[in-house]
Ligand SMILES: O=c1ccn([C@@H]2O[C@H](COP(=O)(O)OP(=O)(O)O[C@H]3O[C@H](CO)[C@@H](O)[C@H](O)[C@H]3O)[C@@H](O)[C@H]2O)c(=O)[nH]1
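Heads up, the chain below is alone and in the form predicted alone; it's given as structure tokens.
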């Protein structure tokens, strides 16, 4: 390693899975590392670079190919085709990138790779470079996949409830959707289990959570897979404000105009507005969207609802006209700025991990309406472990009806359980900030990562 060194500054190369929910946490971790004195380069796909032209003040950007430089995932046609080509093209162009940085006199010392991309670790090891697995999802979800990968959990799940150390007992609907509905999205499920295919070769394992949030799970999983908790990975402005100029993520795959939402919210009373958003990938369908719309209307609270342009046609006829005095429907939003607003009283969410940890970090109670992948497990913890939200119930068709939507929103906004959720939200907000402040659990783990890397490579 000593022969490779050209600089006293440790240089990390971070490779996220190329989707919005994975880009942002990895970028935020890079910003933290830069604030600790490291040099960080974030790797995005050629397609994302050419279409979004992202910039960062502190983190350098570089590219690899996913094999679909003209159209990204949309060009692939199906999941398996994309993942196969991503691995082939990604491995080849990552190796070229590593060689290029070596030749330029600022070699890579550690590859921080999204655990969805275990092939990146193989490339790093071939070049004699340290590897750090970055787990974007909740630690509990990672542990469930760990159990499945190692055959400790038989699939399809038949013996209920499921008992895994450090966790509450889990019913089938509390499991990740690929187990809840066994056989669904097999290519994605294989990718999720493959996170553990070579993780024992990684020099470090970091997880996007904070210790107090998942204390029992982290303690249990650390016995078989030692890890560092480095979250929450949201901009420092909303937590400790120790990372300079870190008020937003900086990489957005959707067009944002925050002024419309923020001006509208600025005119509303404290804790009076319901914020509704289902992330960048969810697709509710026409029947579910209609039920959700009428449930929101009937509860009669002010609301901001993010309906992506591709889903605008599923809204009921005349809905926007009938609710124009109470609601604001937008194609996308600057979510952190919205839920940080004092006007927001409830977040009606799909419970993706980024949305969940943002709400926890900002003390906003939730109505959880999970759709797929890790969201079902996140919703279980939101309601039963962290007690900051309520999970909707579906009917026999798998639809959440308007009365259920109305009832759950009312419970969070003005019910007795809602009062407890708000109090718990305040606690989690304080604990999230504590974790990343100087001497906090995540701050210490990031310092440990930096220290070990520096001692090993310098």
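Positions refer to the first chain, counted from 1. Every value quoted in this text rests on a predicted model; they were computed, and no experiment measured them.
There is also a form predicted in complex with the ligand; it is not shown, and the following applies to it.
> Counting only non-hydrogen atoms, choose the one of 313 to 321, 383 to 391, 147 to 155, 332 to 340 that falls within 4.5 Å of the ligand in the model of the complex.
Correct option: 332 to 340.
> I'd like to check something about residue 20: if you look in the model of the complex, is any of its heavy atoms closer than or equal to 4.5 Å to a heavy atom of the ligand?
Although the ligand is absent here, residue 20 would touch it in the model of the complex, with heavy atoms inside 4.5 Å.
> Looking at the partner-bound form in the model of the complex, is residue 344 within 4.5 Å of the ligand by any heavy atom?
Looking in the model of the complex, residue contacts with the ligand do not include residue 344, since no heavy atom lies within 4.5 Å.
> Since only the chain is shown here, I'm wondering whether residue 143 would be in contact with the ligand in the model of the complex (any heavy atom pair within 4.5 Å).
Residue 143 lies outside the contact set for the ligand.
> Taking the ligand as it sits in the model of the complex, is residue 212 near enough to touch it, meaning that at least one heavy atom pair lies within 4.5 angstroms?
Residue 212: no, not in contact with the ligand in the model of the complex.
> With the ligand left out of view, choose which of 274, 130, 97, 306 has a non-hydrogen atom within 4.5 angstroms of it in the model of the complex.
After the contact test, the surviving option is 306.
> Only one of 279, 90, 295, 72 comes within 4.5 Å of the ligand in the model of the complex by heavy atoms, so just point that one out.
That would be 279.
> In sequence order, which positions of 333 to 363 have a non-hydrogen atom within 4.5 Å of the ligand in the model of the complex?
Contacting residues: 333, 335, 350, 352, 353, 354, 355, 358.
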